[in-house]
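For reference, the chain that follows is the form predicted alone, supplied as structure tokens.
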């Protein structure tokens, strides 16, 4: 039964990936119907009486208690949602993604607003059916980060906010004094694709079990236990935009490729949470990809693909890579300012879910919060409240996991490189030992343990922001 459900779900993933990469515009309405049907079918399989009876029988036998506890949680949560609601959400999100893409091109929030309202209503309906003790946002957040609560995230973010703002301001001021920049383009897309593929392979991404494609918003999706798809977007004026996008998504892909393949469709073969997932992408993108050791090895290779880099000094290149500046776009933000983007989104979507913020008022609320955090106003909604795909996916409760991922990445990387052999490999641009450590301490755990348990077992400490703040201070100040 688990295999049949996994087959149906992965089929939905295939056509969802196609929707983001190759689907012609006229095909979106039918694609929404396809996704709705497949989502409802997978839900029916996963909530059937046969599934429930088999789970109860396994529980009575008292074998694999941790795995069965995770399966019980998923089953009980799923059975609270009717198939009609699951199908309705799949169809609504499919149509909303197309509407979002068009609205983003035109900076036309009002055209997207009805879709956001529909998905917000569905999110609240799901939260009511799941149940919650304090606020509906808790039920939504628990979908992505098991055990987390809105109040807990708010307390963490309130503690981080002044330290992040001070650190970001100091990093931006320091960068402005040097004004280091990459040589001007063009950086041809074909050359970027070739270089990115070399880097991803060097990190350990298996191209026999994955590929890279182009889309409007970079993402990673798993279509099966040996089929992981990465996407990125290209800027001919800045090759590092696509490169760091690929390294970020390759981090997700390495995690997916490292999960126990034979258990695909079970909690033991799934990612623990988005905060753990994001820790893998941020670790490879930032702790590896933006490091001096990485570019000491890879700058000469980059120069083979982009001749204008041949005369660039390593120190100057690193200064450009580490440049901090306040910017409008989250996915292009540097490490020093990135988390401020997440604080903004968490605050807004928490207010949306509670009803404190009306959908029609999102642009003005976004701009007000952005000016408070960054000291500038977005020039349009494309570079403001329409820049992210997440709300069009129905992903309310998703955004806090990005900062949780940053905190986890720093803590995990510090623990891994405490091993001198791993640290020596990283210093030489060799990553097999680091990947092996992550395979053992993170990837192999699946979703049987909670995110906090995985981090504590791997590092010997409870999850904490201190390693992340220390990393940012070393890198920027």
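Positions refer to the first chain, counted from 1. In this text, all values refer to a predicted model and were calculated from it rather than measured experimentally.
Omitted from view is the form predicted in complex with another copy of the chain, to which the following refers.
Participant: Name the single residue among 165, 198, 226, 390 that comes within 4.5 Å of another copy of the chain in the predicted bound form, judging by heavy atoms.
Facilitator: Filtering the options by heavy-atom distance leaves 226.
Participant: Just to be sure I understand the contacts: of 158, 325, 190, 372, which is the one whose heavy atoms reach within 4.5 angstroms of another copy of the chain in the predicted bound form?
Facilitator: So the residue touching another copy of the chain in the predicted bound form, by this definition, is 190.
Participant: Given another copy of the chain in the predicted bound form, answer whether the residues 26, 41 and 264 all have a heavy atom inside 4.5 Å of it.
Facilitator: All three within 4.5 Å in the predicted bound form.
Participant: Within 4.5 angstroms, counting heavy atoms, which one of the listed stretches 394-402, 123-131, 226-234, 335-343 is next to another copy of the chain in the predicted bound form?
Facilitator: Going by heavy atoms within 4.5 Å, the stretch is 226-234.
Participant: Can any non-hydrogen atom of residue 211 be found within 4.5 angstroms of another copy of the chain in the predicted bound form?
Facilitator: Residue 211 belongs to the contact set for another copy of the chain.
Participant: Decide whether residue 420 counts as a contact residue for another copy of the chain in the predicted bound form under a heavy atom distance cut-off of 4.5 Å.
Facilitator: Residue 420 lies outside the contact set for another copy of the chain.
Participant: Although the partner isn't part of this model, could you tell me whether residue 443 comes within 4.5 Å of another copy of the chain in the predicted bound form, counting any heavy atom of the residue?
Facilitator: Output for residue 443 is no: heavy atoms all beyond 4.5 Å of another copy of the chain.
Participant: Counting only non-hydrogen atoms and a 4.5 angstroms cut-off, does residue 53 reach another copy of the chain in the predicted bound form?
Facilitator: So residue 53 does not count as contacting another copy of the chain.
Participant: Which of the residues spanning 1-38 lie within 4.5 Å of another copy of the chain in the predicted bound form, based on heavy atoms?
Facilitator: Residues within 4.5 Å: 3, 4, 6, 7, 8, 10, 11, 14, 15, 17, 18, 22, 23, 24, 25, 26, 27, 30, 31, 33, 34, 37, 38.
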